[in-house]
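Let us start with two forms of the same protein chain, each given on its own as structure tokens and named structure 1 and structure 2.
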Structure 1
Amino acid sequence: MQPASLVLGAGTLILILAMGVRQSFGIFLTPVSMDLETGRQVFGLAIALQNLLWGLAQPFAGALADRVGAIPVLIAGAALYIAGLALASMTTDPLGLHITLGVMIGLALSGSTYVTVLGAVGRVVAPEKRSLAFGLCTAAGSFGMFAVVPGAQQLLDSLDWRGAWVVLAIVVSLLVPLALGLRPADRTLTKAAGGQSLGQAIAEARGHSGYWLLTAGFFVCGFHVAFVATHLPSYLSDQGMPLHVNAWSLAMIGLFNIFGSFAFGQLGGMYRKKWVLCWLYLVRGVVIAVFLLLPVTPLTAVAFGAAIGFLWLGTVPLTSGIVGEVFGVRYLSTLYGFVFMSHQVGAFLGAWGGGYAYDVLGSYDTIWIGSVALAVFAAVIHIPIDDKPLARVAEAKA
């Protein structure tokens, strides 16, 4: 097997497991809140902390992966992921939930998901195929959502939430042997010599206005996906939808994001990525607005999952692709890590803000409307981004 194929194959399997389990947490909101006798804000804050710590730790995990390789970083993340799920299954109060599901798994995700995997893939894939490869990796994370969420729902029905999290911890342990498939990318990294330092790369990105605009746009993406993934099942329950409809709405997000991520990865190789991002955010706002205007039925719930799923993480191959094109791939994990940190700050506000709005206002309406406005904002700020490769990168390719 060619090194690029091996790394891409291992990376996709890693993301199927890591992201599939992570995206299933939304279906646990209601049973955990009822069992622990807390409001939805408590579980929402745990997921918000998870997203925030995932983001805050991401640049450091990315820098470590750029320095020592993806394998040790990913194995450490997997170990923390397993411990977080196992201990979360034994928690009896909000503090325990926040430490395990929030802090521990948040830190675990920084080493076991997109930034680490995309950095490894980017180092071994040819530049002209990079956008498509990133799209395939993103689609893998979405396939994990489609494959894992219904299974997690069955575990929840059969074992209760504590037993389900123990089983999911065992599933996550498969990340450790899969990490070894990233070895060719780590060998490529150790062979790289000379050139730009990490500090120089960060300073270069900091002085690029397009990097800041890209970072602001990804904040919006994080807000959208965390709010929907965390609160959509409970929102649908409030509208009288049965539990299986809620689970399948989330599953449709995962299923259609497989197609969407692959499609946007291809589009990113055919057109300027910033224009594709503009349209993606704009259409996402339209989809949310239409969902709010229509009556909530099993059909509209599942259709919304499919539509928002197609647009779900198509931002990842496009955003990471722009970072790689403009700044090169030597420090892709680090530079994309900072962009992803903004995504997770948005995710913190989306997950926590949804629970706060519900507990204070008694509905999710304000957050839904704000999501539409943010989508329009994100579409507009991508227009002035300068996405041409820096002279240093262009000369290296020549």
Structure 2
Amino acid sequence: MQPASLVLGAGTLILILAMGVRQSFGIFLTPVSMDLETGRQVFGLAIALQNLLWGLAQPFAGALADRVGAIPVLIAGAALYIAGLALASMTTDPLGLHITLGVMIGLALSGSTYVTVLGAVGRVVAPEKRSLAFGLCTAAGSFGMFAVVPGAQQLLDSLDWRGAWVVLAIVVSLLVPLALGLRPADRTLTKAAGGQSLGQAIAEARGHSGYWLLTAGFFVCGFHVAFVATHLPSYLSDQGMPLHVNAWSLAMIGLFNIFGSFAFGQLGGMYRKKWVLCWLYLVRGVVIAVFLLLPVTPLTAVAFGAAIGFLWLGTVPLTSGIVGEVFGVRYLSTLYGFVFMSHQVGAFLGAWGGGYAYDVLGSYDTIWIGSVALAVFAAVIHIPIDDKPLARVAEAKA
């Protein structure tokens, strides 16, 4: 098997498992909260902690992957993930949930998901195929939202939540053998030794205005997806939509996210990525505005799910692709790790801010309008990004 195919195959499977399991945590909220008699905010805080720590730890996990290789970081992440799930299944109090589901799994995700895998894939796939390969990896991560979440629900129905988490811990243990498939990518690290240092790479990116603009744009992406995913169901219920419409809107987000992630990866290989990103954010703004202006019906709710789902994570292959194109792939995990941290901060604010705005103002209208404004802002700030490879990267390529 070709080294690139091996890394891509392993990376795809790793992301399906790691993201799929993580995306299923939402369905455990009610049974865990009821069983532990804690109220919903305890579980909510554990998940909020998980997402925030994932983002904050990401640049460090990325830097470690760029230094010692993706395999050790992935295996350490998997070990923490397994331990977190196993211990969470035994927990009896809020503190236990916060430590296992929040801290342990949050840190585990920074080692076992997109940033580590995309860094490895970027190092072995030919530059002209990179965007497409990143699109495939993102689509694989999106697979979890559509196919793994109902599987976890089935586990929850046939076992209890404790049993379901033990089974998921066993499923996550498959990450360890799969990580070994990334070996060809790790071999390139020793070959590249002697070039730029990690500190120099970070300083170089810090001095590049395009890097800051990409980081700001990705904040908006995080804000949008977290706000919509967290609050859309409540919004639809407030508008009188029945539960099955609610369910199908969510399913459409998951399904069309698979198409969208791959399609935008493909578009990124055909056109300049920054322009594709401009259009993506602009269309997001238009989709949200049209949804707000139209009366909410089952048809508009499901169509909104499909449209916003198509635009969901298409930003990942494009944003990580620009980072790789401009700065090279040697420190991609580190540099994309910082950009991803901004995504998670945006996501935290989108999920929390949406709830706060609703509590204070009594409706979601302001935050929906704010989301449209942020989409336009993100589209505009991508225009001045200088996406030319740095002289150092262009020379290395020549």
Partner chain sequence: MINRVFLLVLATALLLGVPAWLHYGQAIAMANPAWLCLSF
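If you're wondering where the values come from, they're calculated on a predicted model, not measured in any experiment. If you superpose the two forms and keep the largest set of C-alpha atoms that fall within 1.5 Å, you have the rigid core. All residue numbers here refer to structure 1's sequence, counted from 1.
Novice: Just one of these is the form predicted in complex with the partner chain; is it 1 or 2?
Specialist: It is the second structure that is the form predicted in complex with the partner chain.
Novice: Does the C-alpha of residue 47 move 2 Å or more between structure 1 and structure 2 once the rigid core is lined up?
Specialist: No; residue 47 is a residue whose C-alpha shifts by less than 2 Å between structure 1 and structure 2 when the cores are overlaid.
Novice: Determine whether the C-alpha of residue 231 shifts by 2 Å or more between structure 1 and structure 2 once the rigid core is superposed.
Specialist: Passes the 2 Å threshold, so yes.
Novice: Is residue 222 one of the residues whose C-alpha moves 2 Å or more between structure 1 and structure 2 after the core fit?
Specialist: Yes, because once the rigid core is superposed, the C-alpha of residue 222 moves 2 Å or more between structure 1 and structure 2.
Novice: Please report, in Å, how much the Cα atom of residue 240 moves between structure 1 and structure 2 when the rigid core is superposed.
Specialist: Spelling it out: core superposed, C-alpha of residue 240 shifted, distance 9.0 Å.
Novice: Upon rigid core superposition, what is the positional shift of the Cα of residue 255 between structure 1 and structure 2, expressed in Å to one decimal?
Specialist: In the core superposition between structure 1 and structure 2, the C-alpha of residue 255 moves 2.7 Å.
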